[in-house]
Ligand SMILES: NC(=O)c1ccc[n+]([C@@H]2O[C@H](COP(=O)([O-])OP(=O)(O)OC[C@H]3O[C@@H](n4cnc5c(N)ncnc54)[C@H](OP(=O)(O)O)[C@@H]3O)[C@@H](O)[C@H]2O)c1
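Here's a solo chain for you in structure tokens, the form predicted alone.
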């Protein structure tokens, strides 16, 4: 499969490596905001585009790719206020897109574990909850998009938690607040933690990335999956459709 890369920083290079290892070809390597038009010769041969750029460039890039009728994988974070608009653009142009704050397979399965755990521990008021994340010092958004999704999951599953606090506190935290802490230093690829704590014990769920290659591989798998499809998909929905298809196959006589 021929892939075009939009954004050729660290993640773009990692996606290139993962794609080549799976037998794909990179036909274009473009900057975060290349300024292409509706007829872009650099992208003409691409079957799928993969975008890891900047928050301010993600939606304009999506518009340009949709105009070209190319399916797109978006790994940029920090732009999700425009998510509903992006979905409308994809629908209007009858094309396809997979997006995620994190394309790690392990991380996305971890989110399902967090959701189930929150539902269980949320039934017992003795357990409070805390979420933390740590990333490298060059990361632009804080908290991370993944941490934001974890916070949403916890609010959805624990009704007594109604709002997220990301600031340092100089007061006791309110019972209906969820504290979500972000740290930036060094070269951490990414660590996310959820802690359920009671007077009797503490249970911690942690996902710790070892390198960017896990994210890159997930993005390439998404590129393989989205080819030939139409629609606007989260990576978690894509994984669920894959799992549902496997279950259907396994139950056939």
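Residue numbers count along the first chain shown, from 1. It should be emphasised that the depicted structure is a prediction, and the values quoted were computed from it without experimental measurement.
Form predicted together with the named molecule: not shown, discussed below.
Visitor: Hey, of 168-176, 93-101, 124-132, 154-162, which bit sits against the named molecule in the predicted complex at 4.5 Å between non-hydrogen atoms?
Guide: Selected range: 93-101.
Visitor: Is every one of 112, 193 and 204 in contact with the named molecule in the predicted complex, taking contact as a heavy atom within 4.5 Å?
Guide: No, none of the three is in contact.
Visitor: Hey, in the predicted complex, is residue 225 touching the named molecule, heavy atoms inside 4.5 Å?
Guide: No, residue 225 stays farther than 4.5 Å from the named molecule in the predicted complex.
Visitor: With the cut-off set at 4.5 Å between non-hydrogen atoms, does residue 30 touch the named molecule in the predicted complex?
Guide: Yes.
Visitor: Check whether residue 239 has any heavy atom within 4.5 Å of a heavy atom of the named molecule in the predicted complex, and answer yes or no.
Guide: Close contact is absent here: in the predicted complex, residue 239 is far from the named molecule, nothing within 4.5 Å, heavy atoms only.
Visitor: Can you work out whether residue 24 and the named molecule are in contact in the predicted complex, taking contact to mean some heavy atom pair no more than 4.5 Å apart?
Guide: Result no; residue 24 lies far from the named molecule in the predicted complex.
Visitor: Which of the residues spanning 173-201 lie within 4.5 Å of the named molecule in the predicted complex, based on heavy atoms?
Guide: Sequence-ordered list is empty.
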